[in-house]
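The chain below stands alone and is given in structure tokens; this is the form predicted on its own.
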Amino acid sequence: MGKKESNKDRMKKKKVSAIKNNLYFLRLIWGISPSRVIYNFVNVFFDFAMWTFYSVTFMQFLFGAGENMRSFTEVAIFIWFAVALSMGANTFSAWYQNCFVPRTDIQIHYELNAMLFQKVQTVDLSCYENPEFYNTYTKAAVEASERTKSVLDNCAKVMAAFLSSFFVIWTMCSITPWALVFVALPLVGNLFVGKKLGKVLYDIEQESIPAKRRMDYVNRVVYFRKYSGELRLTNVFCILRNIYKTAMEETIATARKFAFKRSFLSIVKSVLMYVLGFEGMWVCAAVLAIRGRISLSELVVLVNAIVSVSWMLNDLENALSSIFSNAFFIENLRQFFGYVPKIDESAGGKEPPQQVDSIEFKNVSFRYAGQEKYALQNINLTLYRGVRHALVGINGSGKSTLIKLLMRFYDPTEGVILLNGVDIREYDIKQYRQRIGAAFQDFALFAATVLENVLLRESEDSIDREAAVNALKNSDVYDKIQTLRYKEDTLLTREFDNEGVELSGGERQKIAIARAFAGQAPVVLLDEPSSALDPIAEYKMFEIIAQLCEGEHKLSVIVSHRMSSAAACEKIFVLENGKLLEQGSHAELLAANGTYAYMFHKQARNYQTEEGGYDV
């Protein structure tokens, strides 16, 4: 008994959740466009009202005219009234669907996306590394505007279909109580059998998701430009085709698995709705008319009403099913909007100092969520103003994780990071990050102008333009930019404009490096700044970086697996398996003959001069 009650309670909670979620989304749309919500409900109610009017009231009046001795004038006036009513409803519907909906769809789509864009800025970086979170909420974000019409229509349909079908059923029962029997059949067919059929369709959809995701992946790979080279130069398409074929076979297998149950429920629903419902009511009405129990007008009303009420109940069942399916999507959206980040960017805090004297990692350890192994363990190091620092280590050594902690994309699991002796968690996070000029290895160029790609914001005045131009000069890409048609106002990429420019890998990396210097930040962070450069360009780049970071005003960090990059720095930190193994100058670490010396000598052939020495 207790188990049954708990199941009942769970179902009740599920229903309440569906109602709450749909009301939540309605309130969301109301906040964007109240008139859209109002007019949508009016339009749906008009549709059901006109349906009810013509299937019951109109037929009742028209075929009862002779029985009730109505005059021709009365009938004509009523018909003209019905025509005027119909024209008014159709005119409103045409204006609503063709003029009002397209305009407000754009508005709602824009506002919802603006809210999502704003929220996504606050989501922790760890969320992007959680596939379940990422897949669920990005799907909700993509579908947000698409679900607007469904939520509005179905909420309105539930109310309109319920009221309309209640009126029609009441009219039928006033003619004969037998109508209840034939109304109950499509009611059972739509609400009971239809619900089970909907559950089967939902199960098919859920079981097909993994296979459909693989099919979508193949579609993306085939059509995206960045994969086009490998697809043409190799036989990787055979692998992709097999992935697609296997996924397709899985979707077919899922469809076959539920085929009998789906067919059986569809047949039962059709029999209850059409064979027993429609035809049963027609036979019953005909028998009652033959026996003189009902009039001709009542016969016509019963025949029309059973068809109307069946379709109204069908619409009610479909709307209810959609409300429950929409509830799952809205739940994801609610959780996304309600997500409380671990690192709250709106929390405020102290203003960081304009001059950064030191950044200290004190007993810092870090472990990613769901991982047992620590990515960093007991890191103790200090970065000083006026010193060029290098972080080196093989892939997986912990360099990227340390940088993420420095940028405060994550907070340490243990220990503390201090800026000028103050825990960085006490600073306003946005202002703190503005103190760091960063160029990342996995940088991206945007479909915007060169100037905007350097500043990563709109240029507000001539000072901004001058800062960007100087950064381009310092990163040794200014001369190339001057050869472009619109110079620093040239649009990068051909995503939206055929006159856009595609830069080489090295030129792109120089744009990314220019970003690090454009803001005049006291901390400069360069992640693999020479990975796309040839040896000559790399040498020139480090000369420039050395000059820019020279003196007492900059705290600079270069992250690299190239020993030539590290050798140009004054303090080198060597990481391995999340631990700080060594630290010191290039000469000190070579003399220690440890991990750094081993890595350097492995790459030594890249630096050897003709005399056999090292050109570092």
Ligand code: ADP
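The model shown is predicted, which means the values in this text are computed figures rather than measured ones. Start at 1 and count along the sequence shown; that's the residue number.
Keep in mind the form predicted together with the ligand is missing from the figure; the text below concerns it.
Each of Q371, G398 and Q441 places at least one heavy atom within 4.5 Å of the ligand in the predicted bound form. None of I394, M115, L180, I252 but one reaches within 4.5 angstroms of the ligand in the predicted bound form through a heavy atom, and that residue is I394.
A375 is the sole member of A375, V477, V524, L299 with a non-hydrogen atom lying within 4.5 angstroms of the ligand in the predicted bound form. Stretch 399 to 407 is the answer when you ask which of 349 to 357, 399 to 407, 317 to 325, 269 to 277 has residues with heavy atoms within 4.5 Å of the ligand in the predicted bound form.
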